[in-house]
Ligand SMILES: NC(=O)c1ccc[n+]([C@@H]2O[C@H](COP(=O)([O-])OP(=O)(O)OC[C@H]3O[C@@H](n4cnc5c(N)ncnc54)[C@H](OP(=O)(O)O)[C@@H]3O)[C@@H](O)[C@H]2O)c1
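First comes one chain, alone, set out as C-alpha cells in the form predicted on its own.
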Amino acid sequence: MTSHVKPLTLTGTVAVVTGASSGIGEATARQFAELGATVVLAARRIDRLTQLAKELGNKALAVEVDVADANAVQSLFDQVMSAYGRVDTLVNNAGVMLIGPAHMAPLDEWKQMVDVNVMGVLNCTKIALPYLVEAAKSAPRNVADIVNVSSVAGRKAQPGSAVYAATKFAVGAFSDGIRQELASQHVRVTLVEPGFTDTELASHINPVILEKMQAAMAQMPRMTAHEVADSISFAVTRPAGVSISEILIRPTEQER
C-alpha cells in the first residue's frame, strides 16, 4: 500500500482569482494554470490582466472588476458562467494595506480598506456560492474551494495597522463561520495568512508614512509571492476528503 497522498487535478476546473494583476494573485493564477485549471483573472488593472492572459494562453480570461462594487462582482460571475458554465475555486486575494498612525489616517483610507478587504471578500463569496456548491456535486473533483488571503495581521494587531488588522480579523472570522456552513456541501474554505511578502502591497501606503517606514521595511525578511501561492495550490489540490482550514506562513526569520 502506497503511503503517498495523490493530489487532486485542477484539469477541467475553473478558478476565479481576484487581485490577479500582481503579487500573490498573479502568482496563484500562474500556478493554477500550470496545474490545468482555466483561470479567470479579476482586478482593476485590465492592462496587466490582459498581458497575463496572453501569457497563460487560451485557458485564461481577463475581467476588469472592483470587488468592492457588488454589481461589478455580479457582472464578473455572469461572464464566467456564460464563458465556462462553472466555478470550482474562488481565491479572494484582492486587498489594500493603508497603514500608519491613526491620528494621521484619513477616514476615506479606512473606508477603502473595509470596502476592499472585507466587503470585497463578502461580495465575491456571496455571489459565487451557488456556483461553487453546484460544482462540488460534479466531476472532476466533487469538491469546491474558497481561499481567503488574509495576513499575520489577522492574528495580531500592531501600532499603525489597527484598521488593516481589523479587516483581516474580520476575514478570519468570516472564513471560519462560512467553513462550518459549507462543510456538508463539500465546499472547503481555507484561510491563508502570509507574513512579510515581496509584493506591491506597500506601494498603497501614503508616501509620507512610507518614507518613514522604508528603513525598517528594508531589513524585513520576505517570502516571494510564488512561495505563498504554493501554499494556496497545496490546499486546493488535497484529496476531496481533506480540508485545510488555515495556513499561517511566514519567512523563517520573521519572529512575529
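One rule holds for the numbers: they count along the sequence shown, beginning at 1. Not measured: the values here are computed from a predicted model.
There is another form of this protein, the form predicted in complex with the named molecule, and it is not shown here; the text below is about that form.
Chemist: Within 4.5 Å, heavy atoms only, one stretch in 145-153, 81-89, 98-106, 126-134 touches the named molecule in the predicted complex. Which?
Modeler: Residues of 145-153 come within 4.5 Å of the partner.
Chemist: Within 4.5 Å, heavy atoms only, which of V118, L182, A165, A94 is in contact with the named molecule in the predicted complex?
Modeler: Looking at V118, L182, A165, A94 one by one, just A94 meets the 4.5 Å heavy-atom criterion.
Chemist: Do L41 and the named molecule come within 4.5 Å of each other in the predicted complex, heavy atoms counted?
Modeler: L41 lies outside the contact set for the named molecule.
Chemist: With a cut-off of 4.5 Å between heavy atoms, is I24 one of the residues that contacts the named molecule in the predicted complex?
Modeler: Result yes; I24 sits at the interface with the named molecule in the predicted complex.
Chemist: Just to confirm, S231 within 4.5 Å of the named molecule in the predicted complex by heavy atoms?
Modeler: It does not: once the named molecule is placed as it appears in the predicted complex, S231 has no heavy atom within 4.5 Å of it.
Chemist: Please check if R45 has a heavy atom lying within 4.5 Å of any heavy atom of the named molecule in the predicted complex.
Modeler: Yes, R45 is a contact residue.
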